[in-house]
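Before any questions on how it binds or moves, here is one chain, the form predicted alone, in structure tokens.
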Amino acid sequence: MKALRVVDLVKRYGDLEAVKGIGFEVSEGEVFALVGPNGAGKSTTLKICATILEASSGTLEVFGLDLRRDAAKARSLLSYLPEEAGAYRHLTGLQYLRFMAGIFVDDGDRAKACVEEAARLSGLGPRLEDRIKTYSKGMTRKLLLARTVMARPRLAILDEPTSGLDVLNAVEVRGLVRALAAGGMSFLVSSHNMLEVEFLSDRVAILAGGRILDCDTAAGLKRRHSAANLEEVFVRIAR
């Protein structure tokens, strides 16, 4: 069974067709990336897959659950991190994790376990006792990623997970995603940073103008288009 199956997805905003009949699948334990320039339709696609937006047409399934008929059940299997997500700055990191665990997990013992897991995954150590307003952007992003995966969703949807991070923080975030995928968690990731995606993803779909131009492993795309990197692939197929 596929973690995510998207068939002929269309999203319209009035007369504007932002997503134009795209399709792809994400396997269990796979990191699948949508890459492309701003306005390509990446974030819209992720929001639809996360049940934040409703598709104009098409079929979407999360572990076999139809997102139109079984959205509530599907939500219990996935988690979503928006690009511009924020945390409550007046709380400490630990207070924030406890608050979020209380929202997403009913059982008290499991909520406690989720907080412990998030604290470990964040790598923030004693800084979790400090207020979030004192955190750097990288620290806040790692806290948010830990919150996104602390309940061990079967599918995590991440919009620009390393946006604005320095090299060291970006490497740490990529490493965490790869480790979780190795443990069986599936990921749908969007990014405009095609070079970074080469190191993060198992397969890549290049999106532009609301359409998928090509999809394969990074190595397969580079080989097929005789390119040194994904940026060159995009330039060659998007002309």
Ligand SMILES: Nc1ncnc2c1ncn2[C@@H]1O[C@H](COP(=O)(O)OP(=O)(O)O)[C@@H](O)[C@H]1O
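On a predicted model such as this, the values are computed, not experimentally measured, just so you know. For every residue, the number given is its place in the sequence shown, counted from 1.
Same protein, other form: the form predicted together with the named molecule, not shown, and the subject of what follows.
Asks: Looking at 39, 175, 58, 29 here, can you tell me which has any non-hydrogen atom within 4.5 angstroms of the named molecule in the predicted bound form?
Replies: After the contact test, the surviving option is 39.
Asks: Taking the named molecule as it sits in the predicted bound form, is residue 18 in contact with it (heavy atom to heavy atom, 4.5 Å or less)?
Replies: Because a heavy atom of residue 18 falls inside 4.5 Å of the named molecule in the predicted bound form, the answer is yes.
Asks: Picking from 59-67, 42-50, 166-174, 197-205, which part of the chain touches the named molecule in the predicted bound form when contact means heavy atoms within 4.5 Å?
Replies: That would be stretch 42-50.
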